[in-house]
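A single chain comes next, written as structure tokens; it is the form predicted alone.
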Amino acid sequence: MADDDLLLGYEKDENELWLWDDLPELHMEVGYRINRLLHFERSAYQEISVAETSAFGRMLVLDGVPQITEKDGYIYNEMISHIGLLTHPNPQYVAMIGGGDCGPAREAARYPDIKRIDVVEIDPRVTDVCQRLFNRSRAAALDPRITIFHEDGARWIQKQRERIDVLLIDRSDPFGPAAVLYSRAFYQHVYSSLSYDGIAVFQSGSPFFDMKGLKTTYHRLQSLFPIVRTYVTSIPSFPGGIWSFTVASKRHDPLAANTDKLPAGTRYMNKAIARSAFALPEYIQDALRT
């Protein structure tokens, strides 16, 4: 294990170890007290660590930035997954870019009629670490319908043509290798990869701290898809708490989704939330209209 001072984002304060998520564009930092560091390595793509935090249990950290936690990760995974899966009347082929922890794949596997679930994660070490240190990830990897491709998602999507029924874009922040996942060209490739009535769901950031990013996602998708809707949820470990996702659909409106299809066993998503998540605060509605 490397010395603590070599890890991005980690700092010692007297006898305590903290992870600081530096958000310079917001003029703030968010700190997480670390009980112990469970894993650290530098892969070919990034620095990977898993920390046991006081507030959120185990946390996956990439290049010093928290990604998902043991305690509230189910909220993110359920919210990025079930809206699109409920909206499509009969999804057979589901794919996701990112999500190497297999959380969204685990949610898709709750639907028995889905025949194929592809996970595209650029870094094989993320998958390996998550399967070893997050129990739910190991369980998801055992489903025979799930295939993991360790490829660049922006390149993988260009090879897909009118096949995917529901595509989940579990992308990280819009800088570094993930920046291409926010480009106009990428959105066009997403559109081309979907079946005639396909649906794509994008992680679209904090509407409070990054309204510009949300607006850009929303309007670029509007230029391609006839139906585009943003919805929100609350994720305690994320900066600001409130988080957005944007669904783009070729034919089916998520406001008319069949919520009776929602499988048992979810911890956050229910029929009411599948509707109410689209009830946006006025400041978000105003911003998306401009």
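Residue numbers run from 1 along the displayed sequence. All of these numbers come straight from a predicted model, not from anything done at the bench.
The same protein also has a form predicted together with another copy of the chain, omitted here; what follows describes it.
Novice: Tell me the stretch among 250-258, 217-225, 42-50, 235-243 that has any heavy atom within 4.5 angstroms of another copy of the chain in the predicted complex.
Specialist: In the other structure, the partner sits against 235-243.
Novice: I have Val61, Glu107 and Phe202 flagged as a candidate spot, so tell me whether each of them has a non-hydrogen atom within 4.5 Å of another copy of the chain in the predicted complex.
Specialist: Judged in the predicted complex, none of Val61, Glu107 and Phe202 sits within 4.5 Å of another copy of the chain.
Novice: Answer for Asp72 alone: is it within 4.5 Å of another copy of the chain in the predicted complex, judged on heavy atom distances?
Specialist: Answer yes; at least one heavy atom of Asp72 falls within 4.5 Å of another copy of the chain in the predicted complex.
Novice: Consider Arg36 of the chain shown here, and say whether it contacts another copy of the chain in the predicted complex, taking contact as heavy atoms within 4.5 Å.
Specialist: Result no; Arg36 lies far from another copy of the chain in the predicted complex.
Novice: Is there any non-hydrogen atom of Tyr93 lying within 4.5 Å of another copy of the chain in the predicted complex?
Specialist: No, Tyr93 sits far enough from another copy of the chain in the predicted complex that none of its heavy atoms falls within 4.5 Å.
Novice: Just checking whether Phe186 would be counted as a contact of another copy of the chain in the predicted complex - the rule being heavy atoms within 4.5 angstroms.
Specialist: Heavy-atom contact with another copy of the chain at 4.5 Å: absent for Phe186.
Novice: Taking heavy atoms and a 4.5 Å limit, what residues of 265-286 are near another copy of the chain in the predicted complex?
Specialist: Counting only heavy atoms within 4.5 Å of another copy of the chain in the predicted complex, the contacting residues of 265-286 are Thr266, Arg267, Tyr268, Met269, Asn270, Ala272, Ile273, Ser276, Ala279, Leu280, Pro281, Glu282, Tyr283, Gln285.
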